[in-house]
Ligand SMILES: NC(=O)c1ccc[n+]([C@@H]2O[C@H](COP(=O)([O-])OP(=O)(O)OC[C@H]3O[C@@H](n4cnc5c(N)ncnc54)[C@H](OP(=O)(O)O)[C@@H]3O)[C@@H](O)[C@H]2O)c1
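A lone chain, given as structure tokens: the form predicted alone.
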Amino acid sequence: MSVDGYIDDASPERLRLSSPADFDRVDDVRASCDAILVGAGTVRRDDPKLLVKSESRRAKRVARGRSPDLTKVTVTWSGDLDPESRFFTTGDAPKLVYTASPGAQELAGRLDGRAEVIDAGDPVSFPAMLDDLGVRGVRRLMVEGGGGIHTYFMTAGLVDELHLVVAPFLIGDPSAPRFVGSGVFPQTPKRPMRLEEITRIGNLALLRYLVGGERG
């Protein structure tokens, strides 16, 4: 995010706040996880592949008996997803779509052969989704965004660890997307997160916080 808490500006073009070194760090974190989750808005806007890029990291995953790529996960309330997006068409690992009950059957028909659609309740229950992922063998889930998804996970108290990279930019546009939106967060000033690590990545700063459990 920018110094003032934004993850993009309000222009049609995607603003890249990160650096090649940080993208490589993110790839390393991906390689350590079982699944990666983004919201449907991120799938529509960014059209991400969500693959492990490094061939050596992919080979290490295979040597440990794992798929070279992570299970891909997205959450949608509207069901507005393009079956031709790269989320569905790249990589051989499973693709899972959690959606609200009313549109689950129709979405399953549209994504037939591209992804498994799971009815996650009405409204979508994030704890139920995480329980289902656990049954499927997902022990370490990487949540990449966007801001709406970050807000849901943080306000629901479902985050164990937060990797926050601060970029040396000021956006200053209230219409631009923020790292998190408004909400009631469990981490109040009386129960702060614990700062576990600070790492300099060029002009970026990585702050790694531990969130769950007793703090302070």
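Note that residue numbering follows the sequence shown and begins at 1. A quick note: this is a predicted structure, and the numbers were derived from the prediction, not measured.
Below, we refer to the form predicted together with this ligand, which is not included among the displayed structures.
Although the partner is absent here, Gly79 sits close enough that one of its heavy atoms falls within 4.5 Å of this ligand in the predicted complex. This ligand in the predicted complex is approached by Leu17, whose closest heavy atom lies within 4.5 angstroms of it. Proximity of Ile149 to this ligand in the predicted complex: non-hydrogen atoms within 4.5 Å are present. This ligand is not drawn, but in the predicted complex it has a heavy atom within 4.5 Å of Asp46. Each of Gly41, Val75 and Phe126 places at least one heavy atom within 4.5 Å of this ligand in the predicted complex.
In summary, the region of this chain contacting this ligand in the predicted complex, judged by heavy atoms within 4.5 Å and restricted to 184 to 192, 52 to 60, 149 to 157, 65 to 73, corresponds to 149 to 157. When you look in the predicted complex, the only residue of Asp119, Glu116, Asp132, Glu144 with a non-hydrogen atom within 4.5 Å of this ligand is Glu144.
Taking a 4.5 Å heavy atom cutoff to this ligand in the predicted complex, the contacting residues in 4 to 31 are Ile7, Asp8, Leu17.
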